[in-house]
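Shown next as structure tokens: one chain only, the form predicted alone.
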């Protein structure tokens, strides 16, 4: 068995995203890095893919027959991405049933490299308190700065964190917004390095838009953030929808990269929490309970 640089078995046994299917040319080798391991991937354009450890005879950009590659790692195609694992992954990935609804727009808004640990990035994704200050006049604005009381649970049955009754005033919640509105949010963290956000759809008040961040940990302090959109929007071109999310993530990126330490401290005394941080506190506790050590500063025992 090949020795891995990451020794955190919890993380090794997870599925991790590597690339958006729509952005990979069929039959052409693409190189990437996961958990400090150099990997290569390819798709055949017919629903099959292969992922393998980097090797000299299959250089990036070369043509390859996916079916003929030997020494392949586990692979899964889900939610518009190629996923792999360096360990023994579960049979299934966490469910996002909305992705199967035919009237939704399903896009990779962007894949962005960020100089921060995966847990720090997830914690930022869960934070509503920064909306008025970082995403001014888009996801928030003064004087609407209060994070109202909301509920958080760690579900043992589903093995995920769920934050509900989240509500925040947003001047422009999406590309289909015509005016400011109080927007309902639901946050899920079904994977230590992935989070799924559900928010009110301006198009259909009975349904929710889905925005997910799937993080590919390059190493303990660097990630590639894959931004998945699964939304209701019949008006705007793909590039307009993508640009909106890219603007928001572009505002988050320097904040994330200035975080110190870059790894997330799991000791509850390490950073002073406020009420708005309920999701972050639950997330840190959940990581501790799982025994995650990669990308974090474990609590002292």
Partner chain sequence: MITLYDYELSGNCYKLRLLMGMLGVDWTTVPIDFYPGREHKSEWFLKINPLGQLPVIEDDGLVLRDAQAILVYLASKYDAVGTWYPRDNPALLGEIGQWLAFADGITGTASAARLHDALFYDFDVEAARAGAHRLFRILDEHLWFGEQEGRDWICSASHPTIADIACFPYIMLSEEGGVPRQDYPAIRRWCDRVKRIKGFTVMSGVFPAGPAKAA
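Numbering follows the first chain given and starts at 1. Here the structure is a predicted model, which means the values were calculated and not measured.
What follows is about the form predicted in complex with the partner chain, which we do not show.
Listed residue that, although the partner chain is not shown, lies within 4.5 Å of it in the model of the complex (heavy atoms), from 93, 183, 96, 112: When the partner chain is considered in the model of the complex, the option within 4.5 Å is 112.
Interface residue in the model of the complex among 36, 65, 267, 257, criterion: non-hydrogen atom within 4.5 angstroms of the partner chain: By the 4.5 Å criterion, the partner-contacting residue is 257.
Residue 27, heavy atom within 4.5 angstroms of the partner chain in the model of the complex: Judged by the heavy-atom cut-off of 4.5 Å, residue 27 is well away from the partner chain in the model of the complex.
is_contact(residue 13, the partner chain) in the model of the complex, heavy atom dist at most 4.5 Å: Result no; residue 13 lies far from the partner chain in the model of the complex.
Contact flag, residue 247 vs the partner chain in the model of the complex, heavy atom cut 4.5 Å: Output for residue 247 is yes: heavy atoms within 4.5 Å of the partner chain.
Residue 59 within 4.5 Å of the partner chain in the model of the complex, heavy atoms: No, no contact at 4.5 Å.
Full three-residue contact with the partner chain in the model of the complex, heavy atom 4.5 Å, for 53, 55 and 76: Not one of the three qualifies.
Residue stretch of 248-256, 66-74, 228-236, 44-52 approaching the partner chain in the model of the complex, non-hydrogen atom distance within 4.5 Å: Result for this chain: 248-256.
Residues within 4.5 Å of the partner chain in the model of the complex, restricted to 218-234 and counted by heavy atom: Stretch hits: a single one, 224.
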